[in-house]
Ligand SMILES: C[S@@+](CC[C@H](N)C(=O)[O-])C[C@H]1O[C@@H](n2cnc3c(N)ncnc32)[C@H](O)[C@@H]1O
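Before any questions on binding or motion, here is one chain by itself as structure tokens, the form predicted on its own.
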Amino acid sequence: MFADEITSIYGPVFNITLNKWLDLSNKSYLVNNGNIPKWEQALDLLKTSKNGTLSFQSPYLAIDCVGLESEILQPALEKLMPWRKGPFKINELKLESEWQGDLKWQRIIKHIQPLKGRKVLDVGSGNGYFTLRMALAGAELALGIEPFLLFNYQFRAINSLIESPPNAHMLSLRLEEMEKAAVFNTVFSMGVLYHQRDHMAHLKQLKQMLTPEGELILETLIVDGPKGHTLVPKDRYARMRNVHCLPSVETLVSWLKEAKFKKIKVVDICKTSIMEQRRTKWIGENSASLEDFLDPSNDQLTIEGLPAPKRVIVIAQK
């Protein structure tokens, strides 16, 4: 399928493992999903316009695409809503995603080892916004994995507009489906850990993908409290169903130590703001966002009365 070129680019060392990942990813498209015809139509509308150049024009990942008519572009991209990660700018069209991704990227990039020449894995990559940022930062290979098919189609749509795409690829996979291979110099897990029923299994799986001395960048929701403290929502957290466990920072560090990571550094803690996660028309009819998930009389609490979202960035080595 569309990602088959990965193996021809990166050669025999990667061929066996990547081919297995590719086969699994391609099989995930063979599902009975009534949205797929609409998403395929969006790609068909865009595929004749692969002549754009990709750059970063703050705060946007920007594509200048000569000859692409806005009458085609906007309806095609609207078929792929909701757009969670971004934002993007394609010609004069500003695709204002729910998340202002550059704010997170700027908190991360100044603390990590330079990505130039590294093989990078982006776990839970969404539509590949950060995967593309990793490639633009010089990664030899930036591979995003994301099981949600819509986000894979969004990545394909964006990539289809670029004449010479950077070394960024996406596969429709979960981390636990991948044969473990210590081939990545840097592994990102951002906004994934709190969705895991087994947090230790996730951390150990991340470690298995890293080369010796490879670097993990872990970004996740946390709560205030001492070592050993966690929040386990009974039902929803900020209206999200699948939030299983939010640790304190000290608890998170203890988990990383238990998973045998080294040189663990907490580099950033910040409360999520309504500037970073916001309502826009590009998230569709269900346009609720962070401001709707907080207690209207106290923005320190979620609508359920739990501590409002706060995120940490931790860097560690294998």
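Computed from a predicted model, the values in this text were never measured in an experiment. Start at 1 and count along the sequence shown; that's the residue number.
In what follows, reference is made to the form predicted together with this ligand, a form of this protein that is not presented.
- With this ligand omitted here, the record of contacts in the model of the complex names 147-155 of 160-168, 147-155, 209-217, 70-78, defined by a heavy atom within 4.5 Å.
- Not displayed here, this ligand is kept clear of K89 by more than 4.5 Å at the level of heavy atoms in the model of the complex.
- Of the heavy atoms in H229, none are within 4.5 Å of this ligand in the model of the complex.
- Proximity of P82 to this ligand in the model of the complex falls outside the 4.5 Å heavy atom cutoff.
- Contact annotation: D198 falls outside 4.5 Å of this ligand in the model of the complex, judged by heavy atom distances.
- Out of the listed residues G225, G138, G191, P233, G191 is the one that sits within 4.5 Å of this ligand in the model of the complex by at least one heavy atom.
- A heavy atom within 4.5 Å of this ligand in the model of the complex is found for one listed residue only; from V123, L115, L203, L95, this is V123.
- Heavy atoms of every residue among K104, L173 and E176 are located within 4.5 Å of this ligand in the model of the complex.
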